[in-house]
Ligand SMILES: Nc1ncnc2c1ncn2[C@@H]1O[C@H](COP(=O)(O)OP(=O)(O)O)[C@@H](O)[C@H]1O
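The data below hold one chain only, encoded as structure tokens and taken in the form predicted alone.
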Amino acid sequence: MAQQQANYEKQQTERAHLQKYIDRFKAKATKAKQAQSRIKALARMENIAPAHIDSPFHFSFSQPPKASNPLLYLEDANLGYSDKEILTQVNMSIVPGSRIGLLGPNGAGKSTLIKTLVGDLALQGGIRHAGDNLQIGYFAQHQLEALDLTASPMTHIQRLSPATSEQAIRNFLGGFNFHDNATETPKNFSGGEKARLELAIVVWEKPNLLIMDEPTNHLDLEMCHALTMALQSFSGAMILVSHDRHLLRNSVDEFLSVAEEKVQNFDGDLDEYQHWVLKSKRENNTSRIDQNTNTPKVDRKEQRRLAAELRRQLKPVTKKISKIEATIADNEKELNAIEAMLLDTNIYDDTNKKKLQEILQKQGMLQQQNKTLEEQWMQLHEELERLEKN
């Protein structure tokens, strides 16, 4: 009975948290379309809350320190490396409360933009201005390689806050599922454990601007859920790059498109972006055909050969995309059926305990599979775009 009460209280706290997030977005008239999409997504999360009751991960971001407005801005900035400019004439202002998702194909400049915002890359031209008291929390995959493998999770946090008690640090690290291994060196940690440690360090530093580049790559489903919940209540500014559509849908409220050497506002949600990508590809293909038609003295034999070669290269990619889309659709049907079962209060009776566990395990497996498939779907479309450009 005590365990049941504890689980109930956890679930009620999570639902209250979700409702607060929904109310926050309902009040933003300028974000009406995205708010409606977010409400639907959060409603689904609320229905599946029991699946995460026993999650070992529970953490949140502290209230960030006050800072100037804007926190950080770029003005007429050219970004890139000594031998090549990647993005030109970038104008971008990050204010407190900004929640930005970066969209664009691989290699278009998303990581270049992030490294410039963080200060790891110098500008090729223009202005980068950081406001007073700016505190950036930066999470990227390459930072895992920079972890001190001779220092335990406890030591990493103690170096940041020497005056903090050992018990307070242990309590904090427990939210990232570091318990007995909190004093072990991370040289034998898995990729997921190292990612959790790096994330714990970022959370501990209380940033007012959080910049994350593919944060879920090494995280399992429960940790991804905990991160999503933490980001929803984060009150500072945030910039996120991710192939995880679930994380993007539930964490950001505006998108910037990074493509063709430009950074521009994208006025729409994630689904509209995917439709825009597909439409752009069709238009590019049509334009290419028109150009070939209008070009004088065309070697038609060579043209047919090139077209056939392109179809040959695209066929396995498009075939994989179709297969993924069919699998995702089938999984969504099963997930909808599971959500309907979870809405039936009888499923939570003690007599149905085994059945409930089986349902939740099935739900978790399907969600993880769809998450992986959606990432593959986006990567395959980026591969299509690369092949078509070549």
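Residue indices: 1-based, along the sequence shown. As the structure is a prediction and not an experimental result, all values here were calculated from the model.
Although it is not shown, the form predicted in complex with the named molecule is what the next lines describe.
query: Which listed residue (R304, R312, K84, R159) meets the criterion of a heavy atom within 4.5 Å of the named molecule in the model of the complex?
result: The residue from R304, R312, K84, R159 that makes the contact is K84.
query: Between the options H225, R245, K194, K115, which residue brings a heavy atom to within 4.5 Å of the named molecule in the model of the complex?
result: Answer to the contact question: K115.
- prompt: If we take heavy atoms and a 4.5 Å cut-off, which stretch out of 216-224, 99-107, 149-157, 248-256 is in contact with the named molecule in the model of the complex?
  reply: Within 4.5 Å of the partner lies stretch 99-107.
- request: May I ask you to state whether Q141 is within 4.5 Å of the named molecule in the model of the complex, using heavy atom distances?
  value: Yes, Q141 sits close enough to the named molecule in the model of the complex that at least one of its heavy atoms falls within 4.5 Å.
- prompt: Can any non-hydrogen atom of S111 be found within 4.5 angstroms of the named molecule in the model of the complex?
  reply: Close contact exists here: in the model of the complex, S111 approaches the named molecule to within 4.5 Å, heavy atoms only.
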